[in-house]
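For reference, the chain that follows is the form predicted on its own, supplied as C-alpha cells.
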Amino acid sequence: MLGEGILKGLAETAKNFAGSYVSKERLTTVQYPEERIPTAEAARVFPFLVYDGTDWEAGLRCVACQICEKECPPKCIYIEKSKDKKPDYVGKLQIFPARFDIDVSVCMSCQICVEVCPFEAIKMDTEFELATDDRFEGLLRHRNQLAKSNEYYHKIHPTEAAEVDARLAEEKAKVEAKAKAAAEAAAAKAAAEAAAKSAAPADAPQATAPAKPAEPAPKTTGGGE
C-alpha cells in the first residue's frame, strides 16, 4: 500500500511518545550533561596512547615507528623519535617517541592509525568533550595528554583489550621461550667445549718436535810437501 512505511514510522514514534510517560525504556532523550547515556564499547572518537604499569612515560607501548603518521589520511599525527632506547613489552630495546602530538581539530576518527600499529600502542578513545576556547594549542593533544593506562583501555573496550593482552602475552612467552632455548644451547655448547678441553691432555699424546739432523763434519784439506 502506498505510504505504508510512513504510517509504520509514525506509529512507532507515537508509541515511544506515549510510552515515555509510563516507561523509562521508552525515553529517547536524557537531561545532558546531568544525565548521560552509557557509551557503547564499539564507539570511537579520538586516538590515545596505551601505556603499561603506573609510569606513563616509561610504560608507553609506542616505539616511534611512525607508521601511523605516514598512514594518517588527514596528516594530523606528528612524531619525533628519541635519541636513546628503552625496553619494550618483550624486553627488547626500542626507540620511543620524544614527541607525539595529534591535532584533534583535523582528526577524522577513521581508526586507520589503530589498524596499522604493530605494537597495539594506539587505540580509539570514547571521550568526546574536548571543546576549548583555544583553537590552536588547545586542540593539539601532546603525548602526556594522549597517554592512558591499560586499565583505562580495559574499562572502555573490555572485550578488545582482553584479546590484545592475550595476544601480547602469547608473543612475549614465545620470545622468552626462544631466548631460554638459545641460552640453554649456548650453555650446553660451552660445557661440551670445556669438557673436551679438560680431557684432551690425558687422552691425546703430546706431540714431540722432530729430531734435528746432525750437522756434517767440516771438511779438512791437507797439503803434501
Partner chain sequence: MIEKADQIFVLLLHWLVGFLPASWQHVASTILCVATIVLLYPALFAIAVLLERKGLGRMQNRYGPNRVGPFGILQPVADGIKSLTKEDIVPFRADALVHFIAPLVLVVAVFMGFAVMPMGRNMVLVDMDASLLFFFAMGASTELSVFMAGWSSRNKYSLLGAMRAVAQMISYEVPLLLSSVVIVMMTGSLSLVKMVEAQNQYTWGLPHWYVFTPWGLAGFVMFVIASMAETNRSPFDLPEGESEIVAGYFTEYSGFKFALFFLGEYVGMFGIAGLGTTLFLGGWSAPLAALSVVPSWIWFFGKVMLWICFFIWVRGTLPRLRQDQLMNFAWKFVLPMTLVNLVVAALWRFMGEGLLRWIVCTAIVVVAYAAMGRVEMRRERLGPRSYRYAE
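Numbering follows the first chain given and starts at 1. What you see is a predicted model; the values in this text were computed from it and never measured.
Below: the form predicted in complex with the partner chain, not depicted.
Touches the partner chain in the model of the complex: residue 33 (any heavy atom, 4.5 Å) | Yes, residue 33 sits close enough to the partner chain in the model of the complex that at least one of its heavy atoms falls within 4.5 Å.
Partner contact for residue 180 in the model of the complex: the partner chain, 4.5 angstroms, heavy atom = Result no; residue 180 lies far from the partner chain in the model of the complex.
Answer yes if any heavy atom of residue 172 is within 4.5 Å of a heavy atom of the partner chain in the model of the complex; otherwise answer no.
-> Looking in the model of the complex, residue contacts with the partner chain do not include residue 172, since no heavy atom lies within 4.5 Å.
Using 4.5 Å between non-hydrogen atoms, is residue 70 touching the partner chain in the model of the complex?
-> Contact check for residue 70: no, nothing within 4.5 Å of the partner chain in the model of the complex.
Contacting member of 197, 167, 26, 189, with respect to the partner chain in the model of the complex [4.5 Å, heavy atom] | When the partner chain is considered in the model of the complex, the option within 4.5 Å is 26.
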